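Let's start with one chain on its own, the form predicted on its own, as structure tokens.
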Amino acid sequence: MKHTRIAILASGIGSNALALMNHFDGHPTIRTSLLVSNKETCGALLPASKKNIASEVLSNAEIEDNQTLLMLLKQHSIDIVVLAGFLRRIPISVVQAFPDRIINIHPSILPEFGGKGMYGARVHHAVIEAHKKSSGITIHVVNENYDEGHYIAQFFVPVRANDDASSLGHKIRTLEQRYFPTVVEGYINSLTD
């Protein structure tokens, strides 16, 4: 049976990347085949190595050059690209080569608090400063514009009066860990049915 081969792109501590790798470990039809980061300190690199998942660290210039990342994805016969806290814009050549096959997770309820420069604690600060009563995550398809691809799923958490960016961030990470892998799996299955 042919596996759907996914590449995970991650920049930071790698908790979402690790959740995805663990979720698809031993999966009957979906395999994590590649981890790409733009940071040598990415927390998902060592776990990927221990799981025998190919990994590459690309410089920001290599990611932006419109060819290096695309060639790497093709070299590994990747079917789906999943952005798990990847803080670089995906080159247009990659978006065009993988139409509706690049998935991102964003730490707010889009379209609010999205766009260039809106990631991580910046989003949580903005939500708190706007006195929002709820926040959450949006899992969406990537297109040519930041955070504007069609939504696959959104999940909400309340924002309490005593929340700060740190406590809201913790709630958001809990949502990400709970829902991101299963939503990615469901989306992949919808493409292959």
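Numbering starts at 1 and runs along the sequence shown. Computed from a predicted structure; not experimentally measured.
Note that the form predicted together with a small molecule isn't included here; everything after this is about it.
With a 4.5 Å cutoff on heavy atoms, R173 counts as touching the small molecule in the predicted complex. In the predicted complex, the small molecule sits within 4.5 Å of a heavy atom belonging to I13. The closest non-hydrogen atom of V82 lies beyond 4.5 Å of the small molecule in the predicted complex. Taking non-hydrogen atoms only, I105 approaches the small molecule to within 4.5 angstroms in the predicted complex.
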